[in-house]
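Take a look at this one chain, the form predicted on its own, written out in structure tokens.
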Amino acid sequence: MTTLAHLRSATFQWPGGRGIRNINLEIEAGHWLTLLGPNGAGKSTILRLLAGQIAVDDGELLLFDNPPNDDARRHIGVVFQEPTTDDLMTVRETLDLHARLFGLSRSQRAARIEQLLAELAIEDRAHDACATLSGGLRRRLDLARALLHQPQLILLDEPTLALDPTSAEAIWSRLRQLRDEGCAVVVGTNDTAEAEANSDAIVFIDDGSIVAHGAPTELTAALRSDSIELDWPSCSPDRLTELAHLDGLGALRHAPPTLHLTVDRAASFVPALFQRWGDEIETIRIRESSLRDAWFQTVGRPLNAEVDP
């Protein structure tokens, strides 16, 4: 595969101490990479580095085999975490303005705008002010704007945050198509279901560092069939030792007051668990094991346990 971007031992620190440390990543054409982690973990910082908006403090960033420059940025499309459209402009005016900024000719602008309006199903709103658009339509417009110049590298920060399922799937569907056409797609998110469904590779980002990197099947390979989360405030080291000897137990991780287990079969494991310690357990959650459980087992806390910004 062709490498479009390369981070080597990249470090960047914001005022106050947050940032990333020793990040090594290759972004390849025709490949979907997801940066998965809680808010404040460093996902947006990596995306901003790849967009050429900030420069590394240490290490190296190469975009299209060169240090970041204006030519490299012409091959990158970015969808920011928050919509950045001008409410007073119409959808078509927004796209036309940005097509001009990207240097498209009049004929190129007209063709690309019509194409993207149709592909993202917003052609019937072309003459409406951006202020009238729903959140889902704004995100589709953001994506259309990022794709006007046919970028080779597409960077997206929480692109479907708070969207309804129909709007989210419209965006994912278009991105999958672009990946299949040879674009590189890099998405920052904390949604494990979306990451597992769409990614060729996933990077777990925690506290500014990469803690795991692999295909979704590789990251979940060690999990047993079912996942169990228990709210068990009084769980002691002795209890953990006893638990470890129960039949069917796979991984066990204690992040008080939560205990996370993966097991061969919850239907047989849970009755044995409650027969011995049911009076101590406050809450139980059972589901099929997934990437969410791989995160818990790797990092030691649920993904929704945010780090401080």
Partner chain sequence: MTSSLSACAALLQRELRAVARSRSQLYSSILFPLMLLALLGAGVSDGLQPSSPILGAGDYTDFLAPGMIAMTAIFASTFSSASFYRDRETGMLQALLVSPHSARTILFGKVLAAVVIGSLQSVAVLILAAVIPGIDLAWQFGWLGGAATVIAAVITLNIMLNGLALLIATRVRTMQGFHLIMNLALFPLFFLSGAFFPLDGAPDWLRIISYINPLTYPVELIQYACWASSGDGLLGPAITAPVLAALALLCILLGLRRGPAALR
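Residue numbers count along the first chain shown, from 1. Quick caveat: nothing in here was measured; it's all calculated off a predicted structure.
The form predicted in complex with the partner chain exists for this protein as well; it is not shown, and the discussion that follows is about that form.
In the model of the complex, the partner chain lies within 4.5 Å of some heavy atom of T84. The closest non-hydrogen atom of L133 lies beyond 4.5 Å of the partner chain in the model of the complex. Mapping the unseen interface onto this chain, D70 counts among the residues with a heavy atom inside 4.5 Å of the partner chain in the model of the complex. Using a 4.5 Å cutoff between non-hydrogen atoms, F296 does not count as a contact of the partner chain in the model of the complex. Site residues A126, L141 and W172 are none of them in contact with the partner chain in the model of the complex, judged by any heavy atom within 4.5 Å. Residues within 4.5 angstroms of the partner chain in the model of the complex, judged by any non-hydrogen atom, belong to 99-107 and to none of the other stretches in 163-171, 186-194, 99-107, 222-230. In terms of contact with the partner chain in the model of the complex, the residue from T241, N39, Q53, T283 that brings a heavy atom within 4.5 Å is Q53. Contacts between stretch 263-285 and the partner chain, counted in the model of the complex as any heavy atom lying within 4.5 Å, involve no residue at all.
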